[in-house]
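Only one chain comes next, encoded as structure tokens, the form predicted on its own.
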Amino acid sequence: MFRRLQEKWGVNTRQFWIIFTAFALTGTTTAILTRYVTAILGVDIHTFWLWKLLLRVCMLLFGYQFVLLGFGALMGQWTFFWKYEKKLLQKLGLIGSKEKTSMDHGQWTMDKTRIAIFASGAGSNAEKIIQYFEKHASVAVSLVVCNKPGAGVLNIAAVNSIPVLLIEKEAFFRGDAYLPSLKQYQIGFIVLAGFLWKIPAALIAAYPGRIINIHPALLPGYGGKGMYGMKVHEAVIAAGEKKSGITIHYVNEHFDEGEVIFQAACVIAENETPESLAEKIHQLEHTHYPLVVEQTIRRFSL
């Protein structure tokens, strides 16, 4: 039960227990406050039952929510609980939803393109993409897919209240490639941001031309299986290259062989180290990837 709840909230284990504790404290605190309020208002067994019922309903609908936000802020989870409250208010019809849906020729369409970010590591590119599309009118990051339970990208997803899908190798490569889960979140586009597994053919077939990746070198050089992260920068420097850069490309059945969408280069200094080159590459990634994602989605939608 707890595992399902954690996946639904899209948080890591530490955050899950903090949030769970906040809910528990809120329930206890609201119950205590209700007793104090009823005593102050002079409510007792002789009070008309309807007034007592209205008081309890008000405490549940309003008092509980304010207390929950208070504990959320105190425990460092304001973003999660504020989004939780907004969803509740939308369900009650007290505020409108910014995201509109419609039926078009029998098919479900949405104003926003929902994207899933696949990542395996710290998630710096994922964070920049999430920030870029946070208030975007037509694109929303709706899911983070990760194959490593302890990856830093999970914390980034939790801070931004984005659901997380933790995947296992057997189901990904020999099962349904998690297509039902992606369908559940209505994902229309997939962005790889430091995702180290090869994308299975079933997923590529389901998202033709809608999966893109970023590679920390100027392809076709220094790509392929096993060429990722610092290994790429070490190989580039060892080969005596004068420049390196980034390549954003469509994903096909082979590592780093999809059609190139965009490239940007940087100069390699004489005293360059893999670490210093990595910093230059990160700057290029953070500057260009979110914008290229947006442009690619726009082209696909035309």
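The structure presented is a predicted model; accordingly, all values stated were derived computationally and were not measured. Numbers for residues come from their place in the sequence shown, where the first is 1.
Missing here is the form predicted together with glycinamide ribonucleotide (GAR); even so, the following discussion is about that form.
Residue-level contacts in the model of the complex: of 124, 131, 161, 90, one residue has a heavy atom within 4.5 Å of glycinamide ribonucleotide (GAR), and it is 124. A single residue from the set 175, 229, 200, 221 has any heavy atom within 4.5 angstroms of glycinamide ribonucleotide (GAR) in the model of the complex; that residue is 229. Only one segment in the set 186-194, 167-175, 204-212, 139-147 has residues whose heavy atoms sit within 4.5 Å of glycinamide ribonucleotide (GAR) in the model of the complex; it is 186-194. A residue is said to contact a partner when one of its heavy atoms sits within 4.5 Å of a partner heavy atom; residue 288 fails this definition for glycinamide ribonucleotide (GAR) in the model of the complex, lying far away.
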